[in-house]
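The chain below stands alone and is given in structure tokens; this is the form predicted on its own.
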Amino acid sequence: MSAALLQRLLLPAAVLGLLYALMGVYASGQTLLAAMLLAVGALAIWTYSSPRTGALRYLFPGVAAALVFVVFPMLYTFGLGFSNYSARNLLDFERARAYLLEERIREQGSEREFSLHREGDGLRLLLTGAAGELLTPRFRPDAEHPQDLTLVAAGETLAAPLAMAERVALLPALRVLRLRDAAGQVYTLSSLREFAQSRPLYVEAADGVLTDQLSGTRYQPDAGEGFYTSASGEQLQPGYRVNVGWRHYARVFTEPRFRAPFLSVFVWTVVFAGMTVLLTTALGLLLAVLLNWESLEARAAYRLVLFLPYAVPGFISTLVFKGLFNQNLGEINLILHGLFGVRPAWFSDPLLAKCMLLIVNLWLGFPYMMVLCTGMIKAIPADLYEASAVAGAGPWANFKLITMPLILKPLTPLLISAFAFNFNNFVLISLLTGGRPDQLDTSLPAGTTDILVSYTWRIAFQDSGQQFGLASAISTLIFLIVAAITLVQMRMTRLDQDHKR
């Protein structure tokens, strides 16, 4: 079979498979994901069916992965930042409306005990009460589809009732039954043992307003807040998702209760990332220069020992340090108490907690900088140091006039990358302090050691009612900051390449 014939056969099959997958994704409500898959699928079909794509055929897997795993999550997060998506506004409007209309009020005194009886491949349900016994026709339990059954007066001989364990297994199917008697009264499941008459709690008017049957309160759908709201401001739960425009971004920068913790967290994030890069670079460079000293014996052994912190997984080292800094049982406080009689509160004092984070991050990061600087120092021609020695220059002059100028330019882009990495160093903050101790004068939960990414995590998933829309807006701001840092890095790298030419 020729390649052209094989292509003609596979192309229609690929198109049909793509359309089938798109229909499934779109039917599940994932419109944006379906659009992304359509774009990627169409690009794939064009890439491997057109004779003019050339090298794109080999690059396409990487391009597709970037679109699906980088571009799509970024666009999705950006889109959520313009919505009120939160724990109180999870549903869309139609689902929230249907949920409220399904809420029912049980009529007091209408409860009837029931029993279940098998008949053939179905069941019959017998209601008993002071007014007599009522019986349903035979039905098949189906939890997915609600059933309306008409009650008639009981007078037939039934099989033995099902045991309670069997009744419990059938509860999902019993919950969707609606039993109607001769007077038109509707019975629904009210407990494990009883059915009771019920009526809707809310009635919808032609203009979409819901009226509470108990209090008479009218609830108007509020497209700005995503809730059914009364004239007094009372909101019905659950709410629904609506577009809120730039509201989250405006809240971050204009509302004091958002602005104060955000600015303090932002400042600490910059300080944490900057100090980490400065300290790790200084220590790594110092050790690299010392280990490059030709007269130093056993340099390979020293390099191996100093590289070991980088070989241990970071989360294990972090948890070990968390134990070492324990105020009562940690070895560090035991030593400090033995020498100076003090037990610093590393986890409850904000300043000490920040110092502890910098110390631990210094331990985790200096081996990487040491290896980088060692390689760059090795690349410096030895003739320069020999000429310097002939001129009578000392070690400090060699470092200041030869080593530092020659490694600074190639090291600068790596320092910017390290800054961007530590800007989002969520693992260290989460494992060591969890962002705590908390700031006491804020209405939103924010810790004194929180960086922007951990602060966003707490807003989205922990202490603040799971405000996914607000967290997405803050994530977008973090992305813009990191993107700006990356652009600076690319600019400096380009300048370095131009300088070499």
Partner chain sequence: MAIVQSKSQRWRKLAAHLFLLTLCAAVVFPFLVVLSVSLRPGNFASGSLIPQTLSLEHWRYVLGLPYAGPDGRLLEPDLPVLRWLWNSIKVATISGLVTLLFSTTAAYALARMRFAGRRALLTALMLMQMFPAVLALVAIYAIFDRLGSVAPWLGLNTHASLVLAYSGGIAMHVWTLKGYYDTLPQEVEEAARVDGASVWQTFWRVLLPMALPILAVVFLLAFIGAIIEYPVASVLLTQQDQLTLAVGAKLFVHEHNFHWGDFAAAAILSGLPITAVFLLAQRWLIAGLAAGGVKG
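Here the structure is a predicted model, which means the values were calculated and not measured. Positions refer to the first chain, counted from 1.
Beyond what is shown, the protein has a form predicted together with its partner chain; the following relates to that form.
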*asked:* I'd like to know whether residue 323 contacts its partner chain in the predicted bound form, with contact meaning heavy atoms within 4.5 angstroms.
replied: yes
query = Does residue 30 reach its partner chain in the predicted bound form, with heavy atoms at most 4.5 Å apart?
reply = yes
For residue 16, is any heavy atom within 4.5 Å of its partner chain in the predicted bound form, or not?
no
Original post:
Looking in the predicted bound form, any heavy atom of residue 478 within 4.5 Å of its partner chain?
Top reply: yes
If we test each of 110, 430, 243, 217 for a heavy atom within 4.5 Å of its partner chain in the predicted bound form, the one that passes is 430
As a check of understanding, the residue in 201, 170, 152, 74 with any heavy atom within 4.5 Å of its partner chain in the predicted bound form should be identified as 74
inquiry  = Residues 304, 468 and 471 are flagged as a possible site; in the predicted bound form, is every one of them within 4.5 Å of its partner chain by some non-hydrogen atom?
reply    = yes
Given 314-322, 251-259, 112-120, 217-225, the stretch touching its partner chain in the predicted bound form at heavy atoms within 4.5 Å is 314-322
Of the residues spanning 371-400, the ones with some heavy atom within 4.5 Å of its partner chain in the predicted bound form are 371, 372, 386, 389, 395
